[in-house]
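Okay, so here's just one chain, in structure tokens, the form predicted on its own.
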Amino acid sequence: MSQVIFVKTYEEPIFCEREILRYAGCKKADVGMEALLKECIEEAREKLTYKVCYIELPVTIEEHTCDFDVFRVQSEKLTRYLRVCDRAVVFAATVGVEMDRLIAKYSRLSPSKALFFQALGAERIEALCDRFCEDMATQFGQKALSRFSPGYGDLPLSCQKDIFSVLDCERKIGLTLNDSLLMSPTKSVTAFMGIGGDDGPHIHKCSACDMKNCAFRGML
């Protein structure tokens, strides 16, 4: 299996205002909030980029360890997710640094706008990841594939170091990782996506998360 790092740049995914409001903690928006949200979308849309770098790797499951040939990860939940797979796509995605700049700017000027830009950034990176997963599903002839990120369940954030090393994220898409395992730009995601098996793995990210009291569970 060729260990080539691929890079994709996407056109703007369709904005989902309902999802942005959900990330902002708004179950119902009034006319003023809807107008503010549209204003934020228009301000952000020309400044965002949509980039993904990824690699296809073999995966072997050994008890609670996933062996990707170039690195190994210990996680009971990740092994359960990948147990029917013989390969995995490991990827990193980002919508760029401008969203961070907008959040920082409006944290000083307008807390309401800062909240909406935070929510908007979350919706944008999820939309990008969804688009990428759809592409991979088409490429590999499977149904829409789910993804599993560091921090889900017992998958440690420390495996970010291996992902960044393998993908060369800084050079490929301008994404960096600091000593505290925080990514910059912040509106970015790394994840594993299983390939192979009868129908491929399907898992909702909330079912992999141990935060039972998360406010978002009741808003899906």
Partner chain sequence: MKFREFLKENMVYLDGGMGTLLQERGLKPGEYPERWNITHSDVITEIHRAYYCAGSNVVSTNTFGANVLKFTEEELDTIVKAAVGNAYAAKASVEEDVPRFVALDIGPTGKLLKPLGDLDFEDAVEVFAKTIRLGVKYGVDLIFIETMNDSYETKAALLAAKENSDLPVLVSNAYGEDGKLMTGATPAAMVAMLEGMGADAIGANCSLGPRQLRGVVEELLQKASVPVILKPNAGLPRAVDGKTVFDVTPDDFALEVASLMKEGVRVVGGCCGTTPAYIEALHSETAQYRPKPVEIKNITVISSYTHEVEFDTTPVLIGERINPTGKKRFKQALLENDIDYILAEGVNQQEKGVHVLDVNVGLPDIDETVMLKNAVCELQTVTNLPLQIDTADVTAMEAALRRYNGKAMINSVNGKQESLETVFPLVKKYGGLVVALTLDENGIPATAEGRVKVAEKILATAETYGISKKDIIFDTLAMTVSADNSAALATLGALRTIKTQLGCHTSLGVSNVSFGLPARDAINSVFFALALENGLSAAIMNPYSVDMMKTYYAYKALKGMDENCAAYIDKAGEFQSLQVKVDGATDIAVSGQMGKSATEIQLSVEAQASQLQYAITKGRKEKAGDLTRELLLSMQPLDIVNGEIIPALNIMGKGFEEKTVYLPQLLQSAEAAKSAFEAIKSHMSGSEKTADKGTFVIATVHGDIHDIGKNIVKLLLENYGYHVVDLGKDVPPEEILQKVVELHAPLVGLSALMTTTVPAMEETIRMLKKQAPWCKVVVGGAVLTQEYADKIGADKYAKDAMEGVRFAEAVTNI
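Bear in mind the structure is a predicted one, so any value in this text is a computation, not a measurement. Residue numbers count along the first chain shown, from 1.
Unshown form predicted in complex with its partner chain; subsequent notes refer to it.
Remark: of stretches 108-116, 121-129, 81-89, 134-142, the one touching its partner chain in the model of the complex is 108-116 (heavy atom within 4.5 Å). Ile55 is the sole member of Ile55, Val189, Ala44, Ile61 with a non-hydrogen atom lying within 4.5 angstroms of its partner chain in the model of the complex. In the model of the complex, its partner chain sits within 4.5 Å of a heavy atom belonging to Thr176.
Within this chain, Thr65 is remote from the site of its partner chain in the model of the complex, having no heavy atom within 4.5 Å. Proximity of Lys38 to its partner chain in the model of the complex: non-hydrogen atoms within 4.5 Å are absent; the residue sits far from the partner. Within this chain, Val73 is remote from the site of its partner chain in the model of the complex, having no heavy atom within 4.5 Å.
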